[in-house]
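Next up: a single chain in structure tokens, the form predicted on its own.
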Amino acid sequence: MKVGVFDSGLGGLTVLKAIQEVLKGAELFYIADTAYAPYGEKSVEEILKRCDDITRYLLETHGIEALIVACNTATSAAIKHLREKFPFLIVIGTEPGIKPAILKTQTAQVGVLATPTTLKGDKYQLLVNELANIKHVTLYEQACVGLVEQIEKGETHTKKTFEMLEKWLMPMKEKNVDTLVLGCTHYPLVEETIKRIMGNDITLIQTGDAIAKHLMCLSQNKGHKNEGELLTHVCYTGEINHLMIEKIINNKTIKVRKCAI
């Protein structure tokens, strides 16, 4: 099984790590599209074209059988297009974990951190509307402009990142938010900082594990035997923080190189 995974940068590595923990006998090809990061501040048309180009590259260069769109913003903009254009691929997207947050909250106060494009997207709005009848909760949505760039620079524990998160999170804390949806695959990388502000009792909802389990299920339905060696390749299109790659994945066997897409 050859699996392509992509994001605008380092964030999707949190999904890749979850896949690595359950998948065997496969080859993973991760694209960090840093030349076009961040997606969250691009137009839908720009994101759509980029997703199309990356999928074609993964198909033509590596012959992938499954595609993981490890980015909430790209999923919102392009997942329907990708499934229609490449019906022979397993295509799995990423969406904010609103449903598990609704089910887990005890105070009925739920925070959502995401990029501006994700929060404005039709897919997110439809998801919220569909889940509204499960249980009455109040959602506090926050567009985290600039946070992805801080994480890409490796500034996960700096004063500036702390102050950005504090400005966004303190109003939620005052409203008794007990469950926080990390609506971008980059945001688990500032989990420690979030807990410093919100307290260790905060429930954080991320989607990497759910994506990995879904991939396992769909790949086995296509006859994949989950046995043997797992190979991982990381490609990047612009500049990238190599220390952050090592910090997130912590696997010396990964091959990292620059590619042109």
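Remember, it's a predicted structure, so these values are computed and weren't measured experimentally. For every residue, the number given is its place in the sequence shown, counted from 1.
Missing here is the form predicted together with a small molecule; even so, the following discussion is about that form.
Taking the partner from the other structure, the small molecule in the predicted complex has a heavy atom within 4.5 Å of a heavy atom of C184. Contact check for V112: every heavy atom lies farther than 4.5 Å from the small molecule in the predicted complex. At the 4.5 Å threshold, heavy atoms of L189 stay clear of the small molecule in the predicted complex, well away from it. Using a 4.5 Å cutoff between non-hydrogen atoms, V148 counts as a contact of the small molecule in the predicted complex. The candidate stretches are 199 to 207, 60 to 68, 32 to 40, 227 to 235, and the one lying within 4.5 Å of the small molecule in the predicted complex by heavy atoms is 32 to 40.
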